[in-house]
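The chain that follows stands alone, in the form predicted alone, written as structure tokens.
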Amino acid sequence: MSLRTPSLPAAPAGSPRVLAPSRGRAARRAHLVRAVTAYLFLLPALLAFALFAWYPIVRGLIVSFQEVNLVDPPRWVGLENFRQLIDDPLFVTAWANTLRFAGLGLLLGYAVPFVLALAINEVRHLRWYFRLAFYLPVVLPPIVAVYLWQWILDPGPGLANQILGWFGVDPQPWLQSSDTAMLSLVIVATWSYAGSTMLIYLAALQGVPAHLYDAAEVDGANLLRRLFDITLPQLRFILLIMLVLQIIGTMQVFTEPFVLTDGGPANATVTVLLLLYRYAFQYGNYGAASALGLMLFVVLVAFSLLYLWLTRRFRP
């Protein structure tokens, strides 16, 4: 006669399984090791971001309320830097010129890439060539592109005036006149950066369902009708996002006025960042420069929040 060890009753079907304590500790330990390993890989990027992004922002915020000239120890002055900026006649001029540049940039830099994308999207052959040709200026370093346009817009033997001479038009003082200097800077910036925006629009256009255009053609819709009834509604989200990004980018213009005009003629192209540069590296007033940077930072944060709201509100 053999003795049988009584077995435990089986767990009811559908009841949760209970892991042994050792297995639970092993699972938690493995999860902790994976998390620590992931953060170790992220640590160099986090340190670089904190050192080169967050630290300058915090340091600039502190310096904007101090008198800093790299000779004497920093001295707390409160809102004195902001009062000094507001009393500067160039403060209003710089903001007005920046807003003017942004407005002209919306007329050219926002519309031209979209028109180019529409044209290339209709091309049946050599589409790759046109994409490459219009994107090449983006590959050039900004300073190289600006120096190239400095030769093109030269009032004497510049290429622009030579082309105008072929049609009997008198030479134009592109960068030497307050009436044309800002428009010239906008043309340079548009030429330099339109290629990347064009590719974004082109990718969005190719994502529009083809059957919508086929149905419109069957109904006899012309090109303009297809544009306003199909293309623009389908690209509404991209157009809104690119509009906000365009404003943010144009508010930070610096290279073009710094190299081509140095703020002239008669301060017609002094922008906010150029004035900030003058306060920091010409006047040696780092406190006022930081205060101006803080003002621009607040404006850009407002547009960035608008960008985030648009991405959530109109996400397709």
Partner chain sequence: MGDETAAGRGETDGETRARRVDRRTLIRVGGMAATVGTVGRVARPSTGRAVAQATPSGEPVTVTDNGLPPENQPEQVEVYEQIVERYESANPNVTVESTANAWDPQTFPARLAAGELEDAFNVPYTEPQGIIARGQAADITEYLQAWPSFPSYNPNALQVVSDAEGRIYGIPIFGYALGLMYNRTFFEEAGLDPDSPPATWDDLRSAAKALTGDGRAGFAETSTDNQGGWHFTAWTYSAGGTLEEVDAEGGATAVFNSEEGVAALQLLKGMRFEDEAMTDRQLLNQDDTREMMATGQIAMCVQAPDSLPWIADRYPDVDMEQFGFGILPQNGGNATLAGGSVWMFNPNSEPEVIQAAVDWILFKEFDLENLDARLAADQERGALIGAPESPIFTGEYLEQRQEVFARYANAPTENYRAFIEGSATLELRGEPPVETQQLYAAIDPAVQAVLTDEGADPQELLDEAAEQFQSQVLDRL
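Keep in mind the model is a prediction, meaning the values are calculated, not measured. Residue numbers count along the first chain shown, from 1.
Unshown form predicted together with the partner chain; subsequent notes refer to it.
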Q. Do all of A194, G249 and L260 end up near the partner chain in the model of the complex, with near meaning a heavy atom within 4.5 Å?
A. yes
Q: Could you tell me which stretch in 83-91, 162-170, 231-239, 214-222 has residues with non-hydrogen atoms within 4.5 Å of the partner chain in the model of the complex?
A: 83-91
Q: State yes or no: in the model of the complex, is some non-hydrogen atom of A145 no more than 4.5 angstroms from a non-hydrogen atom of the partner chain?
A: no
**Q.** Residue contact check: Y55 to the partner chain in the model of the complex, 4.5 Å heavy atom
**A.** no
(Q) With the partner left out here, check for me: in the model of the complex, does some heavy atom of A189 sit within 4.5 Å of the partner chain? (A) yes
Q: Report whether the minimum heavy atom distance between F65 and the partner chain in the model of the complex is within 4.5 Å.
A: no
Q) Using a 4.5 Å cut on heavy atoms, which of A266, A27, L46, A38 is close to the partner chain in the model of the complex? A) A266
